[in-house]
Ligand code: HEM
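The chain below stands alone and is given as structure tokens, in the form predicted on its own.
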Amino acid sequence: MAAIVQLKPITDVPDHLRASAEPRDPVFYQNPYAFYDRLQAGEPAFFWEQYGHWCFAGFRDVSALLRDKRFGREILHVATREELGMPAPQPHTAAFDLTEKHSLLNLEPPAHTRLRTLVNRAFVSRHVEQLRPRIVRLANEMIDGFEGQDSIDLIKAFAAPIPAIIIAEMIGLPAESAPQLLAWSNRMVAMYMFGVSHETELDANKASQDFMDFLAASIAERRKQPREDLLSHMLTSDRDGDVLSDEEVMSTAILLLNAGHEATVHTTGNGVKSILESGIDPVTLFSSEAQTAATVEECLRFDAPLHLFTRYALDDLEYEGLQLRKGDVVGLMLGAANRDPRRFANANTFDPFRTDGANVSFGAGIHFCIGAPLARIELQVAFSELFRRLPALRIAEKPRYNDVYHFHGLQKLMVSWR
């Protein structure tokens, strides 16, 4: 997900519409919900001083703006860098920028439609449902590996490996490459921190180049000998003479690998934390397929894996009385929208039995998460197998969240079961 920044400064914002929260302050990113509570009591739109752009925290607005075609993830298809005052690309992040150039998440139609149509087939519900037995086996293999210990970091030992291995196998990469893919992905994700340092940019760029070099070898191999995997499908698909370039395949594969595990890892950790802290007997949460699914949806709502999704205004426009210029950024606060008291009863209470369940954790509109059906199956299996095998699971150490506000996930989750 490319880091979208406000290009032209916004001035003359009334004081009552301004809000301040430092994204790198541990007090904030360990518990952003206190900030959200203050926002929900005020105006539907506010100007976040640290980011320098307008944001929306209400469920109705976030849901509507995710679908509003007057906004987009890219802006250079409708304006020039000179018109927007956008700086030239930086040479030291050239590799990272190349991985983003054809990213499905950052494209707008018709380029987005072309790529999404090609890849979507692999992620439809009926196809990913066939992966459930493999996910069950994998979850139990992970538990077998640590069940004899007294305690473990659940993120490292369970939450991270499962989705990384599954998405790697879907694309056509060996399961044993998953740890390296995770390492590259984590270094690239650091680019989305607020106030990224030059050193972080250099490291993310190196990880991007290494990732592309690894994929280039796999792409060359598949061109010679296609297999029954997504990488081969992308390389061999021909729609009336329209074929994907190696750069397009590489960007898509990297996005799927990164996004294919990031949200699931965070939701697994956040969800286990929410369940254990709620005091609800896990047996009741996974007593049926329907209740298991409802528990997963409440985990996604209550402590979302992605908290801020930004978009550009594609032209001068007005939204709910707010005048926006072409190129202005709007921040859609998914985590805050999921806790909107106007939409959810007892919004700050974890309630897997609620009847008003919904969430915007996977987005909406044309950029709705393509991997949502797979993520939901992975989460259902991970939670149900974990609590079935380790019914006495408990938190062994106070959990701490990562210093990457956009991606809201635990740094580690120490648990025990003896």
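Don't overthink the numbering: it's just position in the shown sequence, from 1. Model, not experiment: these values are computed from the prediction.
FYI, the form predicted in complex with protoporphyrin IX containing FE isn't displayed, but the following is about it.
The contact with protoporphyrin IX containing FE in the predicted bound form, taken as any heavy atom within 4.5 Å, belongs to 309 out of 312, 211, 158, 309. Though protoporphyrin IX containing FE is absent from this view, in the predicted bound form it lies within 4.5 Å of a heavy atom of just one residue from 105, 118, 84, 322, which is 105. Among heavy atoms of residue 369, some come within 4.5 Å of protoporphyrin IX containing FE in the predicted bound form.
Among heavy atoms of residue 63, none comes within 4.5 Å of protoporphyrin IX containing FE in the predicted bound form. In the predicted bound form, protoporphyrin IX containing FE sits within 4.5 Å of a heavy atom of residue 73. Looking at residue 375, you'd find a heavy atom of it within 4.5 angstroms of protoporphyrin IX containing FE in the predicted bound form.
Annotated contacts: 259, 264 and 267 all touch protoporphyrin IX containing FE in the predicted bound form [non-hydrogen atom within 4.5 angstroms]. In summary, the region of this chain contacting protoporphyrin IX containing FE in the predicted bound form, judged by heavy atoms within 4.5 Å and restricted to 298-306, 146-154, 194-202, 276-284, corresponds to 298-306. In the predicted bound form, not one residue of 14-34 has a heavy atom within 4.5 Å of protoporphyrin IX containing FE.
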